[in-house]
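As structure tokens, one chain now follows by itself in the form predicted on its own.
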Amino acid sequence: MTTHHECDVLIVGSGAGGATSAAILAEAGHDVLIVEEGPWVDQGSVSPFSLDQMDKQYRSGGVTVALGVPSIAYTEGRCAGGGTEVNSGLYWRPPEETLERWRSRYSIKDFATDDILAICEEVEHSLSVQPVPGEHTAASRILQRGADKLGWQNGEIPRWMTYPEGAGATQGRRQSMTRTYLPRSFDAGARILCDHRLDKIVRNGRRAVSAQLTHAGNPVTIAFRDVIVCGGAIQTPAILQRAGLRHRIGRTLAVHPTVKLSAKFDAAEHGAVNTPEDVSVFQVKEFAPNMSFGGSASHPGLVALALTDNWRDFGKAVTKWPELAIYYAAITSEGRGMVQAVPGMRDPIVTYRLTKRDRDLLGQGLARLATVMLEADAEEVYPAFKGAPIVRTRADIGDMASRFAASKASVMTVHLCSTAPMGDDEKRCATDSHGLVHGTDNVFVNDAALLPEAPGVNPQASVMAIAIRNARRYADQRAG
């Protein structure tokens, strides 16, 4: 038996774009229905950065790849709140020069830098963005110490967290979408259907008229006035393609490719450096925007995974996991990828091509990151690529660099964007300046897919600010 719903605005996805859109539109008086493919998972019911969390809150248990040489592993949140529930919560405003470049290069109207940054201030207040009170974790201090010894620019990145009186770095409560914008949307009358997979948006010419979904194996239909797709940079283009919309959609995937290493420190001198439930809040920006360094999740299972590229030589270190922490070098890529929905397949095929410059930068980034670790007094460094040596000295870094090839590395990313870029230049862009898909009257995009390029920093602040901008424009137009 088919279940049927109706609404003014159907929002597909409940992450950084979907939740903020829902709050703005519900508060403006629209009847908003959110559909989310994944479950609602209460914070605290799973351990952060654990394998259990990956199983319950990530798509495919966190194991998805963009095919290429090398293939790039990527992660997607698949739960109420999307990626805001599972990432580190580090908050970066979009750089002003990035906003200005996007405005001119992609002909984005009504995109004044001051206006976007003013919305960022609102977001920061709503999410309680702030630095860690009191002492930082050992993993944070290591990155800061190594960069300071080298004289490299570094600093703490604030997070969307609240902290009880006298709390330390690991006692914060994540102010993700399930704690902020989603409850705000519910207070204004919005509804959410979790565990509902969108199969198809049905169109009649330029207008979308309904959605077909599946819930617990049963069919569901939703009739709406307008639909806003916020499924993320991978799922959003696939949803649009299944609806027969293809102009500039899914052809310009941009990511921040990342390589990693594990570093071991003397327990007698540094104590336990591994903090399974947290990450370093320091980043090194000496070589930005081309590359940056930071701390990665270091749960014991992830430490073991990081050592597998040369398990014969590295494997014995896993028993010392409390003395190990994982760090990354991320680059701003010139390469681009594609997302292609294929009939009969549940998820799209994703490909990505690194340029020679990208591959060279990954090697340089890993070498510089290893240098930071040695300056921070690491005993041993374990680079994550096949055939990598154990790095103990500066001379070993040269050996590591000579053996490195991107094709042998475990390259990954958590930042995905640009698969339906916005702007009034239809030769470059899939949507107009406010997210309306070109060639349609009522199909909108309002998530990371809109970002014309990878911003060089964590993109979620950019996503939220732009989504709020677009939702307000929508509400103003519909009110008129």
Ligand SMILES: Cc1cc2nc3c(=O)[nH]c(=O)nc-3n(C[C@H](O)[C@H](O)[C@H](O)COP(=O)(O)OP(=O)(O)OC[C@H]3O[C@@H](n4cnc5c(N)ncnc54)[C@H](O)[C@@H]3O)c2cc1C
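Numbering starts at 1 and follows the sequence shown. Remember, it's a predicted structure, so these values are computed and weren't measured experimentally.
The same protein also has a form predicted in complex with the ligand, omitted here; what follows describes it.
Shown alone here, Ala420 lies farther than 4.5 Å from the ligand in the model of the complex, counting heavy atoms only. Taking non-hydrogen atoms only, Arg197 approaches the ligand to within 4.5 angstroms in the model of the complex.
Heavy atoms of Gly83 reach within 4.5 Å of the ligand in the model of the complex, making it an interface residue. A residue is said to contact a partner when one of its heavy atoms sits within 4.5 Å of a partner heavy atom; Ile239 meets this definition for the ligand in the model of the complex.
From the list 375-383, 106-114, 86-94, 284-292, the contact stretch for the ligand in the model of the complex under a 4.5 Å heavy atom rule is 86-94. Residue-level contacts in the model of the complex: of Gly337, Gly365, Gly77, Gly146, one residue has a heavy atom within 4.5 Å of the ligand, and it is Gly77.
Looking at the ligand in the model of the complex, residues His5, Tyr181 and Val443 place no heavy atom within 4.5 Å of it.
With contact defined as any non-hydrogen atom lying within 4.5 angstroms of the ligand in the model of the complex, the contacting residues in 425-450 are Asp447, Ala448, given in sequence order.
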